[in-house]
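So this one's two forms of a single chain, laid out as structure tokens and tagged structure 1 and structure 2.
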Structure 1
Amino acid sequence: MAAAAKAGEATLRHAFGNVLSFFILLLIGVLAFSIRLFSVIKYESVIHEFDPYFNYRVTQFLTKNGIYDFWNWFDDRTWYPLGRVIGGTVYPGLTLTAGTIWWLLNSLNIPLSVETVCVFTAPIFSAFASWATYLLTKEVKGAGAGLTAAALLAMVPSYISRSVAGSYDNEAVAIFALIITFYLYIKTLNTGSLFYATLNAIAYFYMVCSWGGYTFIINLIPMHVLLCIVTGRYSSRLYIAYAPLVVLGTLLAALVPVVGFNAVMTSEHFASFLVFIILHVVALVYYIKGILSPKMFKVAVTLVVSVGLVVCCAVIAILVALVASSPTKGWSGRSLSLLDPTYASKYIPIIASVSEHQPPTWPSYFMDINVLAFLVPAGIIACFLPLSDASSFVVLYIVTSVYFSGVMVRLMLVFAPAACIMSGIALSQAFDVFTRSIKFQLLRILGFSEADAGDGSSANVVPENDAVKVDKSEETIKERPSRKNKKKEKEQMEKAQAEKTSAKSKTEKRLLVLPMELSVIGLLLLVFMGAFYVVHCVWAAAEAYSAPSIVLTSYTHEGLHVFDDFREAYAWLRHNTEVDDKVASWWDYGYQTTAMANRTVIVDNNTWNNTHIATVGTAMSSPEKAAWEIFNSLDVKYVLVVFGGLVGYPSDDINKFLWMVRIGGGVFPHIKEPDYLVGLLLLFVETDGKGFDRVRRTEIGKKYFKLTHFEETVYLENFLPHYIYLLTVITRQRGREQAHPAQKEADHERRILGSRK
């Protein structure tokens, strides 16, 4: 009778716990979605930055023309006169996802525009990513840790920075794909089921479709398999988790056109093949060990080692020769710059010039993961007590992602989920200890049982190792100690006490219990820490990461001033120029120009052709006649330059001028960087009046210069352009100008302040 009642109560508690978990997860999803909406509220529902505009244009094409045309699309509006094969050079995951969502909604007669779907894709997928984090951490440590980790990931600023509403970039879906792939791998590892292995391969396929960072997965998982083998944790579940993934995964990766045969030919994938072979050897060894007697096994080992060693050396020699014959040892430029942080600055200036490829500073860690920076080491320790396959995987994940985030600030994004998982584990364990202490101390105070009092009174530090599954099942239901739960604790106490006496015979080790006041204070402090984290995250989302960077605001004494120069310039281009006119600018603005102005550009953000970019860079840093010749040979009609001196916009073309010189000089040796630096970093630039390099805080160069081969285009009737200037390339030859180094950010001040023709 008592047993039945006990069983009934246990199921009731489980049911209540499950319902509570479900609602908590729902709230976490809503939180993840809504914290990313600040930019929509503060500005408007617009697509941010540069790269998302390309993705938006591709999605528009997909929704208008269908998937076959999208696969075969050759884009002639960019990289004039080379063009770009979109089908073969874009990672299709994001566009196909958004296109599918749009098509689904439209077929249900919900008429959302493509832009709305694109803007809100990232927040939706961040909600999915938090749920995936819950599943992953649940596999590692239990449901309590899962919920904590999911809540932390929903708000972590590093992830928010790349997935606000409007940031329609690959990482928006790629992080979700990453976490779900890891979850399915761990699930397969824990259960040994081939069904999850299949799902794992399909999730890996989705990741390959979405982001170039898939090489992280295909190197981390083999590393983990190797770690398990080396530490003696080989099991048949490991084989089932890894071997089908390699075969299916390689095939699926080769299916994606942008990867193609790189899936079997580049060094980034060789680790997976090597570990595949090693795994088979190990599996064979274990199998033979199983069917032979120990004496015979020793004989077999000596025989195999002597023969096998020779064969192994031969194979390795061949491999090394193959790999060493290629100049970069088979690695791509981007991967090499990750492994050797100084590689890019020496050999590939384009990669070095992107601001998000720079190493992060220490403050950016605290900005991006805040409180989690303290919790991660505690989580790592918690993963070792006890160490399982899943927890060793998470430790490996965080160690590698910390290294890579230290190389490139953009990869802080990959570090964020690992940090959330670790912190979730640590927080959950801490809450476990505190609430258990409170419960035991209350038990003791209310004078319940002597037998248990002995258990609870030890303040000695005894390692917390479990053998009490009963305790675990209770603790997992109380994820957040709230006032509501304290009441439930009282009813559970009698339950707990009865279970304790029965479980006492099974307990071999004592559980850590702290004094009552300490645990209450500890609990409160942890809750405060969580509160500070939330406050910081909301602030970061609202102030730091919600700027759409296509619309700028500034606070003057007259109030808020909004600069919409970019869109006005592009709109002017769209309406007042011929359809076939070519526009030259620095590569930053290429995607936006094709997407919003719908004009052909010379170079854009894809930066796949260094020589072409160097040509434009040379043109930007040459004297007027030479520049005119270069632009004329490219059929350029308009040149777009950005100069921020008038309004204090710091990231204009003057700031980027040194990169134009460097990249141009990398290909055309007559551009030498020292020619442009005079004295202490004064850039020799033609400007007028307020020529001021905001970043280096110096006045620049020659002023009062007349343009002869280019003509400034008036595109705003009533007021001055703030920082975008369009120059028309004059098609007829003019007289020679004095030869001195000239730059195209020029003379607008004279025209504006002085006589206007």
Structure 2
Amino acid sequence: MAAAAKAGEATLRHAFGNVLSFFILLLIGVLAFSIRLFSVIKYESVIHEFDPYFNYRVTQFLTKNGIYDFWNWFDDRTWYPLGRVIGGTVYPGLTLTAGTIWWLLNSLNIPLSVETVCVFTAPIFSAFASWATYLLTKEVKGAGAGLTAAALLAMVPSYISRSVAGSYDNEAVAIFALIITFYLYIKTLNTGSLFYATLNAIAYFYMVCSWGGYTFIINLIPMHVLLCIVTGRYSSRLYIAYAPLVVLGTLLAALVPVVGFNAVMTSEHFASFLVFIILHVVALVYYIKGILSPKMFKVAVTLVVSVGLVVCCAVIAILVALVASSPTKGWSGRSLSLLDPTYASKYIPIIASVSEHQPPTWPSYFMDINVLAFLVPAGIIACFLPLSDASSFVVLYIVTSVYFSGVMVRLMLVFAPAACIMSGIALSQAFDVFTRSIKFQLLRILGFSEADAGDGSSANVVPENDAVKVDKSEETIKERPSRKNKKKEKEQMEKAQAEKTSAKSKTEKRLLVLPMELSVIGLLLLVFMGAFYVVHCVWAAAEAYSAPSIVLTSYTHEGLHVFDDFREAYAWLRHNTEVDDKVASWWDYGYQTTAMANRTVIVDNNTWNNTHIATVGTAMSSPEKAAWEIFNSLDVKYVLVVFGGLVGYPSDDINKFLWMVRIGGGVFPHIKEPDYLVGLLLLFVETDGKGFDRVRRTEIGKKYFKLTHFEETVYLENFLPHYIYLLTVITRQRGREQAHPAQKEADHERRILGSRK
């Protein structure tokens, strides 16, 4: 009766814990969604940044024309006169996801606009990512650590920066796909279920559809499989977790047009195939070991290893032959930039010119993950107590993501989930130790025995018992071929080992009891740390990451000023120019010009054609006459230039000017960077009058001149004398003598970006 009563009490406690966990997860999802709405509350429901405008335009086309037209869409409004095949050059996961949500809502008679769905896609998937983090961490260290990690991820500033309302970029859904893929891999590794293995391949396929960062997954998982093999942790569960992922996942990845045969032809994927072969060799060795005598086993192993080495060498030779002809050895430019941080600056300046491809500073770690940076080491230590296949995977995840985040600031986004998982484990373990110590001390003060205290904390040894079960399951599967012959002996050994491990874990738990005062202080420090983290995250979401780059604000003694010049300039283009007019600008503004002004652009943010971008960079860094000739050859009618010196906007074209020179000089040798420098660091400007550039902290360039090949069309009020202005290429269809009256005069050695009124 007593045993039945205890069992019933345990079942009730378990059911209550599940219900409580469900409501906590629901609140975490609400928190993840609501904390990302500051941009809508403070500004309006608007698409942010640059790339999201292209994704929004593509989603509009998908919802209007359907999936088949989307796959075959040739966009003649970008990269004039080349154009771009949209269906074969984009990762369609984000677009298809938002389009499906829009279709479902309209099917339910909820008439939301495409823009509204795009704005709120990222906050919705941030809630999904938090729940996926709970599932992943729970597989590693239990439900307590999972809930803590989910709450941390819901608020972490690094993830908020790319998932606020309006941030309609690939990472909005890709981080969820990344975490759920890792969860299903760990789940398959713990259970050996082919069902979860199939779901894992499907999740990987969704990740491939969503973001080019899928190569991180297809390299991290093989690294973990190889680590398990080297450390003697091979099991059939490992085989089931990995083999279907490589076979089915690669076949599905090849169905994505932007990936295609790159899934089997590029160096980023070769590690997975090599580990796939090694895994089969090891699996064959274990199988032979189970059916042969020790003497025959040695002979068979020699044969298998010899054949395996030959096959591996043949595969490596084929791979080397495939990539030998490529200047980059089959690696993409971004991948080489991660492996060699100096590669982009030496050979591909277009990659190095992107701000999010720069290495982060140390303060950016504190800004983006805050106190988690101090909890990660404790979480790594906790993963080794005890070490399992799941915990070794998250350790490998945190180590690799730390390296990549140190190379490219954009990859702080990949590091953030790993930091939250490790910090969740550390906080959960610390809270476990402190509360158990307080309970133990209180029970001892009240006169209860030490055994009662141990029984009261029996729930805290679940992770260790789970680890024992995992080890038992692993040994059972390892010995499956000879299970009939050794069943009784094996059961006795397992029972003895389980009792020994359980006794050892209880002893270790008893050693972790801390004094009452230290435990209370530790709990107060944890609460203070959590409060500080929450305050920082709310501030980051409300102030640092909520402002859309399309709308700018500043505070003066008169109050808040809003600068809406970008949208006003694009609206002017849309209403005052012809539909087939061509607009030239630096590539940053290409997506916005096409989406908001509906005009044809020469280059945009896709940056797939370095020569085309170099041509625009050469025009921007050339004298007026030479610039006119380049733009005229491209059939350009308007040039968009951004100047932020009046109000202190730092991301203007003058700050990007040296990149125009470098990229242009990489293709056209007559453009040399030293010609634009004084000493080593200063951009050359002439000063002959009053006027101050608030960004560069110097007088602006030559101001008293008259344009002869261009005509200034419009400049906007907030950025007087210049913020965004459009220069019309005059007399484009007239003869050369009429088009160039200034040819009779001396050529003015002034540049479009260096000349200011």
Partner chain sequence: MARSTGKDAQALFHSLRSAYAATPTTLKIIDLYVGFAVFTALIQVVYMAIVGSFPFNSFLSGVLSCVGTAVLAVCLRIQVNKDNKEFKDLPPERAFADFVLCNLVLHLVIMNFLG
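Structure 1's sequence is the ruler for residue numbers, which start at 1. Take the two forms, superpose them, and find the largest set of C-alpha atoms that agree within 1.5 Å; that set is the rigid core. Small disclaimer: the values here were computed from a predicted structure and weren't measured.
Engineer: Decide which single structure shows the form predicted on its own, answering 1 or 2.
Structural biologist: The chain shown as structure 2 is the form predicted on its own.
Engineer: C-alpha of Ile381: shift of 2 angstroms or more between structures 1 and 2, rigid core aligned?
Structural biologist: Superposed on the core, Ile381 moves its C-alpha less than 2 Å between structures 1 and 2.
Engineer: Quick check: Leu82 between structures 1 and 2 - does its CA shift reach 2 Å or more after fitting the rigid core?
Structural biologist: No, Leu82 moves less than 2 Å.
Engineer: With both forms fit on the core, is the shift of the CA atom of Cys313 between structures 1 and 2 2 Å or larger?
Structural biologist: Yes; Cys313 is a residue whose C-alpha shifts (by 2 Å or more) between structures 1 and 2 when the cores are overlaid.
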